[in-house]
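What follows is a single chain, given as C-alpha cells, in the form predicted on its own.
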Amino acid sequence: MFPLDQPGPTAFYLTLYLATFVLHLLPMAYVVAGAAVLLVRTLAGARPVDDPLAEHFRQWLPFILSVAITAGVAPLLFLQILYHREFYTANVLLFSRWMAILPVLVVGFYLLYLMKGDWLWQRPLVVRVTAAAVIFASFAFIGWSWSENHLLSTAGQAVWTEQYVAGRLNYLPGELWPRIGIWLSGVFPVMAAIVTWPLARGEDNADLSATASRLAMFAAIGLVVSLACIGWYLGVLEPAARTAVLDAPLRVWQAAFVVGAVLQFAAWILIWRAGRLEPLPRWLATAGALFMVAALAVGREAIRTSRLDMTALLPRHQAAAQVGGFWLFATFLVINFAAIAGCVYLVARYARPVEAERAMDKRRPQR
C-alpha cells in the first residue's frame, strides 16, 4: 500500500509528509472556503449581527489562518527532504512570482483583522465587498502559486530548461486547470464539516435553519464540482500517472475516497432535510471530509512519485534518515498542537458569552 511500498527511508518521510500535510489541508480549506463564503454573504448585504456565518468567519478566520500557517511548517520541511532539488528548482524558475506569496499573505492576513473589527462593517457596501474580495483573491493566488510550483517541480529537466530560456514567471500546463478546480471546490465541504461544530454549540439550532441549509448547499455544490474536476483531471493525466492513481497500491485510499464521498452526501442530505446541525450528520460529514482529504493527498503524491526517479532520490533520503533529531521534532510537534488546541479551547470558551449576548440582543423587542 502506498506510501509504505516505497524503500524504508522514503516510506518514512512520505508517511510523515502526508500525515502533516493533511493536518495543514484542513485549516487551509477552512480559510479559503471561509473567505469565499464571507465574500458571498457580504456581497448579499449580510452583516455579522444578522448572519451567523458572517459573524463566525470574521471572528475565527484570522486565528485559523495562523493555525494553517503553523501546520504548514512540518510538511514543508519533509517536502524539502524528499524533493530538495525539484522543489527549489521550481522556486528559482518562478522567481518573483513565487516570492509574491509572502506579501500577498501579509495583505490577506491584516485585512482579516480589519474585517474582524466593527469599523469596516460601518462602511458602505462597496468597501466591505472590496475588502472581502481582496482577502479571498489573496488566498486563491497563494493556492494557485503552490499548484504551479508543484507541477513545475515534477516537469523534468527539459521543461525546466525551456522555462528558463523563455524567462516565464508562470507555468500553465493543461492539467493545472482541473487541479485548481478540485482544490477550489473541494475546500467547501471540508470547511462546512468543520464549521458545523462551533455553530451548533452555544446556539439554539432552531435559529440556524437557514445557516444549516446554506452550509448544506455550499458543501453539496463543492462535492459535485470537485468530483467532476477529478474526472476531468484523470482524463488529462498521462497514462503512467493515471495508472499510479488507479492501480492496486492505492486500493485502500480509493475505498476511503468513495466512503468519504458517501458519508458527506448522506450527512448534508440529513442536515438539509432537518434544517438542524444534529450530532450524527456532523460526525458523518467530518469523517467523510477527513477520508476524502487524506485520499486526495495520497493520490496527489502518487502522481508526483510516478513522474520522478525515486530510486535516484533514495540516497538522499537514506542520508537524511541518519541525522538525529526525530524525537525532538516529534516533541515540539506535540507541544505546538497542544498549544493550538489550548488556544482554540480558551477562545471558544470565552467567546460563547459574547455570542449568547448578541443572540439575546436580537431577540429583545426594539423600542
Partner chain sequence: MSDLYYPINDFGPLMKGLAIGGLGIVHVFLAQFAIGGGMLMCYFQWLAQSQGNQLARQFTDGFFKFIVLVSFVVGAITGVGMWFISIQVSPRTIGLMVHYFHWLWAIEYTFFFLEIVSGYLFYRYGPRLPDAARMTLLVAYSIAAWFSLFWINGILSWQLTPGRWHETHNVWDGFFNPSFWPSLLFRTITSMTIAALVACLVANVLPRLERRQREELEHRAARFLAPMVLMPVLAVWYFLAIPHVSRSWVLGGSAAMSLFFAVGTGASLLVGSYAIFGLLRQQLYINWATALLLVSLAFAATAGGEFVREGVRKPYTIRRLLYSNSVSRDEVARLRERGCTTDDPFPLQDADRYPTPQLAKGAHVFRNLCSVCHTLDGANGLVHLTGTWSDEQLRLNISKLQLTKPFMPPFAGNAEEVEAIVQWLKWNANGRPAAWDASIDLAALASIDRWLEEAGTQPGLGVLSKDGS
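Numbering follows the first chain given and starts at 1. Keep in mind the model is a prediction, meaning the values are calculated, not measured. C-alpha atoms forming the largest set that superposes within 1.5 Å between two forms make up the rigid core.
What follows is about the form predicted together with the partner chain, which we do not show.
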- Item | Contact stretch among 278-286, 97-105, 247-255, 128-136 - heavy atom within 4.5 Å of the partner chain in the model of the complex | 97-105
- Decide whether residue 11 counts as a contact residue for the partner chain in the model of the complex under a heavy atom distance cut-off of 4.5 Å. no
- Message: Whether residue 187 contacts the partner chain in the model of the complex should be assessed with a 4.5 Å heavy atom distance threshold; does it?
- Response: no
- Is residue 316 one of the residues lying within 4.5 Å of the partner chain in the model of the complex, judged by heavy atom distances? yes
- Taking heavy atoms and a 4.5 Å cut-off, does residue 84 contact the partner chain in the model of the complex? yes
- Task: Report yes if all three of 1, 234 and 236 come within 4.5 Å of the partner chain in the model of the complex by some heavy atom, otherwise no.
- Result: no
- Note that the partner chain is not shown here; using its position in the model of the complex, name the residues of 312-342 with a heavy atom within 4.5 Å of it, in sequence order. 316, 319, 320, 323, 324, 325, 326, 328, 329, 332, 333, 336, 337, 339, 340
- Query: Would the C-alpha of residue 45 be classed as shifted by 2 Å or more between this form and the one not shown after rigid-core alignment?
  - Reply: no
- Comparing between this form and the one not shown on the rigid core, is the C-alpha shift at residue 344 2 Å or larger? yes
